[in-house]
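Take a look at this single chain in structure tokens; it is the form predicted alone.
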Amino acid sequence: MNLCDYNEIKKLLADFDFRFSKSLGQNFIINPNVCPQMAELSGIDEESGVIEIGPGIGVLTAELAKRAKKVVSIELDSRLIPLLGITLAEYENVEIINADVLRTDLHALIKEKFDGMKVYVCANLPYYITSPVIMALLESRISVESITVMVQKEAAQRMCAGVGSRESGAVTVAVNYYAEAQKLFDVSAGSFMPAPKVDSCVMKLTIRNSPPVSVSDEAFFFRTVRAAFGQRRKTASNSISAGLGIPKETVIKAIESCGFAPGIRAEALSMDELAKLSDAIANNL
């Protein structure tokens, strides 16, 4: 079965009376070059375990199964489970779990399914859950080597931007705190069925052994970062003051103590400078 052939997919879906769900952001890949390249660049080998999120009809799953020791795919849509049983029947190293990844204990899953293996995440993520899933994976600090995902091109550009650049935002800082982000290749809208309105991009997040900066209070650091980027057209002092609910004078005092201009904007601050500012604000409260 050619899972990248439009007519074969159409017949397969008809056989199972399957209709695409807009609410689940379902777009199945039909470009035959994308998934092999994605699986190859993820870094997995025959001793690896892979967690896949949202396998769809199994196009990427099959490529992962050819290269990895074991693949566990988490699929929310129960309608796809019997279909995947057909498309992935030849792969004995694939296990499909009907679950919501955001409600799944991935620490327990890794311990149960991948004992002793190096584990990777590789997935074509629905646009609507891109940031929640990526941040959940990073913040949970699950034991994985890297996260290779296809996301909306604009989201990839933001996450892979340099902290301190005009494209950076709160998610840029968060992603770069936990991982080294790298854009791998773009994927056109026409590579999907049905075709979305925007292009996609495959990116790889290589998990850091330790954060690139040291902060006195990690939770407060991320609260400060979210506040700083919460109102991008305003200065960091105005945004942080409003976002944290503290006097503007307190924030300006902290900014000046760091040697920054009072009117500086969050996007102009590097990771080190954001960490320094967060600690300075905390010390002034």
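One rule holds for the numbers: they count along the sequence shown, beginning at 1. The model shown is predicted, which means the values in this text are computed figures rather than measured ones.
The discussion below concerns the form predicted together with a small molecule, not included here.
- Residue 53 is the only one of 53, 255, 65, 44 with a heavy atom lying within 4.5 Å of the small molecule in the predicted complex.
- Residue 76 is the only one of 106, 184, 138, 76 with a heavy atom lying within 4.5 Å of the small molecule in the predicted complex.
- Checking 224 to 232, 45 to 53, 256 to 264, 238 to 246 against the small molecule in the predicted complex, the stretch whose residues place heavy atoms within 4.5 Å of it is 45 to 53.
- Shown alone here, residue 164 lies farther than 4.5 Å from the small molecule in the predicted complex, counting heavy atoms only.
- Taking non-hydrogen atoms only, residue 173 never approaches the small molecule to within 4.5 angstroms in the predicted complex.
- Though the partner is left out of this view, residue 29 does reach within 4.5 Å of the small molecule in the predicted complex, counting heavy atoms only.
- Taking non-hydrogen atoms only, residue 99 approaches the small molecule to within 4.5 angstroms in the predicted complex.
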